[in-house]
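Only one chain is shown below, in C-alpha coordinates, and it's the form predicted on its own.
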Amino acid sequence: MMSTDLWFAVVGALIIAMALFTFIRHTHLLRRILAFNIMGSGVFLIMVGLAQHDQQTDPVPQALVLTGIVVAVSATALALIIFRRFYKASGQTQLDEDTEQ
(Lines give C-alpha, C1' and ligand atoms only; values in the text may rest on other atoms or scores of the structure.)
Protein backbone atom coordinates (compact mmCIF):
# COMPACT_ATOMS: atom_id res chain seq x y z
CA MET A 1 0.00 0.00 0.00
CA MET A 2 1.24 3.45 -0.92
CA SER A 3 1.79 5.93 1.86
CA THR A 4 0.44 9.44 1.75
CA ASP A 5 3.94 10.79 1.26
CA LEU A 6 4.44 8.69 -1.83
CA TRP A 7 1.03 9.74 -3.18
CA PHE A 8 2.08 13.40 -2.93
CA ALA A 9 5.22 12.61 -4.93
CA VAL A 10 3.37 10.59 -7.58
CA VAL A 11 0.68 13.23 -8.05
CA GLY A 12 3.38 15.90 -8.21
CA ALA A 13 5.17 13.95 -10.95
CA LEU A 14 1.91 13.62 -12.90
CA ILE A 15 1.26 17.34 -12.58
CA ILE A 16 4.78 18.09 -13.84
CA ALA A 17 4.35 15.75 -16.80
CA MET A 18 1.01 17.26 -17.83
CA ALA A 19 2.31 20.82 -17.43
CA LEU A 20 5.44 20.01 -19.41
CA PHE A 21 3.31 18.58 -22.22
CA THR A 22 1.17 21.73 -22.22
CA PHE A 23 4.27 23.92 -22.19
CA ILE A 24 5.72 22.12 -25.21
CA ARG A 25 2.45 21.67 -27.12
CA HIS A 26 0.93 25.15 -26.96
CA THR A 27 2.44 28.24 -28.53
CA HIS A 28 0.29 30.83 -26.75
CA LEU A 29 2.53 32.64 -24.28
CA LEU A 30 -0.09 32.97 -21.53
CA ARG A 31 -0.71 29.21 -21.59
CA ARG A 32 3.02 28.62 -21.41
CA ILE A 33 3.34 30.91 -18.38
CA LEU A 34 0.51 29.08 -16.63
CA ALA A 35 1.96 25.67 -17.53
CA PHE A 36 5.33 26.71 -16.15
CA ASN A 37 3.68 27.89 -12.93
CA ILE A 38 1.78 24.60 -12.58
CA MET A 39 5.03 22.72 -13.20
CA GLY A 40 6.51 24.55 -10.21
CA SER A 41 3.53 23.54 -8.10
CA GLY A 42 4.22 19.92 -8.99
CA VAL A 43 7.80 20.31 -7.82
CA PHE A 44 6.57 21.77 -4.54
CA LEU A 45 4.21 18.82 -4.10
CA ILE A 46 7.06 16.35 -4.65
CA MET A 47 9.25 18.19 -2.15
CA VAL A 48 6.50 18.18 0.49
CA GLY A 49 5.77 14.50 -0.15
CA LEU A 50 9.35 13.36 0.05
CA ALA A 51 10.18 15.52 3.07
CA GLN A 52 8.13 13.41 5.46
CA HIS A 53 9.86 10.57 7.27
CA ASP A 54 8.20 8.32 9.83
CA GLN A 55 5.18 10.59 10.30
CA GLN A 56 7.46 13.58 10.99
CA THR A 57 8.07 16.44 8.65
CA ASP A 58 11.48 17.83 7.86
CA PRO A 59 11.33 21.63 8.34
CA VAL A 60 14.01 22.46 5.76
CA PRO A 61 12.06 21.33 2.67
CA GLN A 62 8.93 22.93 4.11
CA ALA A 63 10.79 26.25 4.38
CA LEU A 64 12.18 25.82 0.87
CA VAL A 65 8.67 25.24 -0.49
CA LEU A 66 7.34 28.35 1.24
CA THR A 67 10.21 30.40 -0.16
CA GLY A 68 9.64 28.82 -3.56
CA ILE A 69 5.98 29.78 -3.52
CA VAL A 70 6.89 33.43 -2.91
CA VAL A 71 9.49 33.35 -5.68
CA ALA A 72 7.04 31.63 -8.04
CA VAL A 73 4.36 34.26 -7.46
CA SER A 74 6.89 37.03 -8.09
CA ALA A 75 8.24 35.37 -11.23
CA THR A 76 4.73 34.79 -12.56
CA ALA A 77 3.85 38.44 -11.99
CA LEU A 78 7.01 39.51 -13.83
CA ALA A 79 6.29 37.12 -16.71
CA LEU A 80 2.73 38.43 -17.02
CA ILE A 81 3.98 42.03 -17.14
CA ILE A 82 6.50 41.11 -19.85
CA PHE A 83 3.78 39.25 -21.76
CA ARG A 84 1.47 42.27 -21.54
CA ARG A 85 4.15 44.64 -22.85
CA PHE A 86 5.02 42.20 -25.64
CA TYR A 87 1.34 42.01 -26.61
CA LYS A 88 0.99 45.83 -26.62
CA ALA A 89 4.14 46.24 -28.72
CA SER A 90 3.54 43.49 -31.26
CA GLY A 91 -0.15 42.61 -31.01
CA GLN A 92 0.82 38.94 -30.97
CA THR A 93 0.39 36.28 -28.32
CA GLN A 94 3.03 33.98 -29.80
CA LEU A 95 6.70 34.33 -30.48
CA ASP A 96 7.88 34.65 -34.08
CA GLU A 97 9.72 31.33 -34.03
CA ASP A 98 6.52 29.59 -32.86
CA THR A 99 4.41 31.05 -35.69
CA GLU A 100 6.85 29.85 -38.37
CA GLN A 101 6.09 26.19 -37.62
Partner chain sequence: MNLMPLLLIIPLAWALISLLAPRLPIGLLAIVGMLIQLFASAMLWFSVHVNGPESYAIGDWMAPLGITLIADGLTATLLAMTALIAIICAFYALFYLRQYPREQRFFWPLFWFLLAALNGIWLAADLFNLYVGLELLTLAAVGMVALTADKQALAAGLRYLYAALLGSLAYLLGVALLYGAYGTLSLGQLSNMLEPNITTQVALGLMTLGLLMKSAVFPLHTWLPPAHGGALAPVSALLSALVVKASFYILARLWLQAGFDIMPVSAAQLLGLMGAGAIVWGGWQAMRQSDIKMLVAYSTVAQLGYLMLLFPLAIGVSAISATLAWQGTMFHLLSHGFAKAAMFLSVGTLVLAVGKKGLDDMAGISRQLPLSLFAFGLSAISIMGLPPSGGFNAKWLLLQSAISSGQWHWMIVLVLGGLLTAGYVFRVFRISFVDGPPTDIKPTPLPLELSALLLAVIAIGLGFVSSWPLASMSVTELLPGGSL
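Residue numbers count along the first chain shown, from 1. Predicted model only: the values in this text are computed from it and were never measured.
Below, we refer to the form predicted together with its partner chain, which is not included among the displayed structures.
- Taking non-hydrogen atoms only, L78 approaches its partner chain to within 4.5 angstroms in the predicted bound form.
- Mapping the unseen interface onto this chain, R85 counts among the residues with a heavy atom inside 4.5 Å of its partner chain in the predicted bound form.
- At least one heavy atom of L20 is located within 4.5 Å of its partner chain in the predicted bound form.
- Contact annotation for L95: at least one heavy atom lies within 4.5 Å of its partner chain in the predicted bound form.
- Residues of 15-39 that come within 4.5 Å of its partner chain in the predicted bound form, judged by any heavy atom, are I16, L20, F23, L29, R32, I33, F36, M39 in sequence order.
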